[in-house]
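Taking the form predicted on its own, here's one chain by itself in structure tokens.
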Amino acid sequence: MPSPDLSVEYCGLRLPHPIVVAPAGITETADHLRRCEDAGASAAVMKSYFEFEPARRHATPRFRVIRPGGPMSARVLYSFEQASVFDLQHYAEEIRRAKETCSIPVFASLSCNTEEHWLEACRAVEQAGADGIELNCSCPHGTHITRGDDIVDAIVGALGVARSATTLPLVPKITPQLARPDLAAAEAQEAGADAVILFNRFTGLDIDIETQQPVMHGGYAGYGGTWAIHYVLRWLTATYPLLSIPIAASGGVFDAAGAIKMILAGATVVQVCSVIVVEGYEAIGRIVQGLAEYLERHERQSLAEIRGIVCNRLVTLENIDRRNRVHALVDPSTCKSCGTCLRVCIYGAVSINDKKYRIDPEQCDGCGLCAELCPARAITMIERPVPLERG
């Protein structure tokens, strides 16, 4: 069987695989972009240029890992990285230098406040050789956050102005902090977007309870981590059927499994950032290798064969099987008598005999929580011979 084809079509470009590096400090300079390429990235997005000049001056410290002692899945990368340090002239020059030293596509990322500057910035990065432009109207550190602008209107407006200035592909970045981000993406497509990104980071706050002060710089910050993927997947499956343009999924991907989930939900490319920040550029290669191994294992030849297939497999609320089909069963040979199941069961189904726990199938609600929390993995959920109908 031939090796699977991981290539994708994105914004008129044929990429060898879907893993793209999102804009951040890891893509701020031509040297950083070269490191992305050397690590196996198919494309990269230059760290965002901001018209708002104070955002170009970095605050220190600007990173905090919340719950740093726990597993990666429990961590939150809390950051106030803001914009590229370059003014527009130097930003364009850095893109030009990147295009001379890198072979991968390089996208610019722009955040402007005025129509005049959108025009100037789009023209500058196109002349510098950028392969496309991300319109960053939803950055968690953007001035629109404090002004209270309607972000969807800002995205549509930026698309109109940018399209009058450039022929490059335009890709707006949608914020997750909307009631209906799927409809925002559809509006962006109607306004002329060549692709959309789901999502920018959330804006959040952490507080030191001893000093009773906001942590780090004293204000809001962006936050991300593996926890974010479930929100992205939810809206990917709602957005994919509405669009004919590609979707770049961003948020929560730390391994190949995360990237595969994004593609199953409808993503064409997957942008990664936090995993590189905390694990290094080598994470890119591990994710790409995992994608190839997944297709081989499932005997698929291309990502197109699996893209978006979960969208047609979602069960609507009214069609969910609500019968009590399963009950929990304890394996006494592996039970460690820790009492976790007894503590978490609110249905009175758990009893103890000779220091071993037993679950009454008639009392068991079938919720599955005890099986998920059992540290010895001594509990399994088994099918009932006849499902129970319970109100």
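Since the structure is predicted, the reported quantities are computational estimates derived from the model, not experimental observations. Start at 1 and count along the sequence shown; that's the residue number.
Beyond what is shown, the protein has a form predicted together with a small molecule; the following relates to that form.
S.K.: Of the options Pro246, Pro105, Pro169, Gly252, which one has a non-hydrogen atom that comes within 4.5 Å of the small molecule in the predicted bound form?
M.R.: Partner contact (heavy atom, 4.5 Å) among the options: Gly252.
S.K.: Of 197-205, 299-307, 155-163, 314-322, which is the one stretch near the small molecule in the predicted bound form, taking non-hydrogen atoms within 4.5 angstroms as near?
M.R.: Contact criterion met by 197-205 only.
S.K.: For this chain shown on its own, do Thr175, Tyr240 and Gly266 all sit within 4.5 Å of the small molecule in the predicted bound form, going by heavy atoms?
M.R.: Result no, not one residue of the spot touches the small molecule.
S.K.: Check Phe52 for me: does it contact the small molecule in the predicted bound form (non-hydrogen atoms, 4.5 angstroms)?
M.R.: Phe52: no, not in contact with the small molecule in the predicted bound form.
S.K.: Is there a non-hydrogen atom of Ser48 within 4.5 angstroms of a non-hydrogen atom of the small molecule in the predicted bound form?
M.R.: Taking the distances in the predicted bound form, the answer for Ser48 is yes, it comes within 4.5 Å of the small molecule.
S.K.: Examine Tyr347 and determine whether its closest non-hydrogen atom to the small molecule in the predicted bound form is within 4.5 angstroms.
M.R.: Close contact is absent here: in the predicted bound form, Tyr347 is far from the small molecule, nothing within 4.5 Å, heavy atoms only.
S.K.: Under a 4.5 Å heavy atom criterion, is Pro18 part of the interface with the small molecule in the predicted bound form?
M.R.: Judged by the heavy-atom cut-off of 4.5 Å, Pro18 is well away from the small molecule in the predicted bound form.
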